[in-house]
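Given as structure tokens, the chain that follows is alone and in the form predicted on its own.
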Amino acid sequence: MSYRQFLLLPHLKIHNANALSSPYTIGFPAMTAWLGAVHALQRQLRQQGLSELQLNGVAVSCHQFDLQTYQGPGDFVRSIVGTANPLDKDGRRPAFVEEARCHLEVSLLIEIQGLDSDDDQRFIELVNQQVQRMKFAGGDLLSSRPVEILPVNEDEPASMKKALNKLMLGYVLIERRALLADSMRQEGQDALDALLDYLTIQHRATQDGETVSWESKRKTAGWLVPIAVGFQGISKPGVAKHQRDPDTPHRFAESVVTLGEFVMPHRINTLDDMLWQYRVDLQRNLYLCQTLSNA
């Protein structure tokens, strides 16, 4: 029997979250933001006496997403409504830290380990209190529903369906880096070309006599999006002037971007396909977020 225990944070309504999904794209907040929030929650709960608690993986289901844009009278395209914090010493917005913002509603499904069954009620009370004090993806929490503990037996379809129904109606983000790997191996493309190839919408016209019809499609079906999944170290660990934590080595890094896909929860066959977790590969200087099925 495959028995697992989960914490559900249902329908978090978040205001002004960071919509920079990677250094190059704007959209759904990056997975690093959601994993960072779960890590902060774990640290707070451990300080409250749940010292053995582990929050090991998180799935994100998006119920509603509203990117902050503006289209004035006569404008052909929409403009991003951005912000830039912190302000400089003169109170002006520094241009190089501009951020897009979004309002969204999400549910988080978090795997729990190390929780004694006698602590269930206290755990729920602490989580309900702590969540109200937290930021998620840089945004403020406006409202949420009471949290739940969900036991799941993956060998029983009814148990799986009950957990997945808690994430409806919404779309969960899964990892699709295998598509890029296949294109690079089979078509000889570099990573950027392979990424753009899957995101490009191609328009083709066909003519039958005097009738011309247009068809628009992508390389592969599905709601594919570019996502940031971590960092590649580009310098050796060392000490940098004014670094935030003087006890931890500092290194310069670049963002790692790959493909993700939003799918409805009822299409998920195994929970590991949508549960994200940190993974560090020091041999290749990679600090990544990956789904458990791709780890």
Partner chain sequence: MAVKNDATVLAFEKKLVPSDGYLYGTTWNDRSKVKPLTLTPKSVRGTISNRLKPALQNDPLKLNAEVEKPNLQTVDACALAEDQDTLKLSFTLKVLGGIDKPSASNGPEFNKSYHGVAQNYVAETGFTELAKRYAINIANGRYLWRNRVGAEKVEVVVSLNEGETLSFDAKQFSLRDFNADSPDLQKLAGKIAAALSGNLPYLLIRVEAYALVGSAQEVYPSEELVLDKGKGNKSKILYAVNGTAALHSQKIGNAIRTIDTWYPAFAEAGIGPIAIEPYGSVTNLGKAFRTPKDKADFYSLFDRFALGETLASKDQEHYVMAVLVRGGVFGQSGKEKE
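Positions refer to the first chain, counted from 1. Please read all numbers here as calculations on a predicted model, not as lab measurements.
Although it is not shown, the form predicted together with its partner chain is what the next lines describe.
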(message) Among the candidate stretches 52-60, 265-273, 239-247, 25-33, which one is within 4.5 Å of its partner chain in the predicted bound form when only heavy atoms are counted?
(response) 239-247
(message) in the predicted bound form, does every one of Ser107, Leu115 and Glu156 come within 4.5 Å of its partner chain, counting any heavy atom?
(response) no
(request) Could you tell me which one of Leu150, Ile124, Leu87, Ala191 places a heavy atom within 4.5 Å of its partner chain in the predicted bound form? (result) Leu87
(message) Looking at Lys219, Arg93, Lys161, Arg145 here, can you tell me which has any non-hydrogen atom within 4.5 angstroms of its partner chain in the predicted bound form?
(response) Arg93
(request) Would you check, heavy atoms only and a 4.5 Å threshold, whether Gln64 touches its partner chain in the predicted bound form? (result) yes
(request) Mark Lys166 yes when one of its heavy atoms lies within 4.5 Å of a heavy atom of its partner chain in the predicted bound form, and no otherwise. (result) no
(message) Would you classify Arg133 as touching its partner chain in the predicted bound form, given a 4.5 Å non-hydrogen atom cut-off?
(response) yes
(request) Although its partner chain is absent from this view, report whether Thr258 comes within 4.5 Å of it in the predicted bound form, heavy atoms only. (result) no
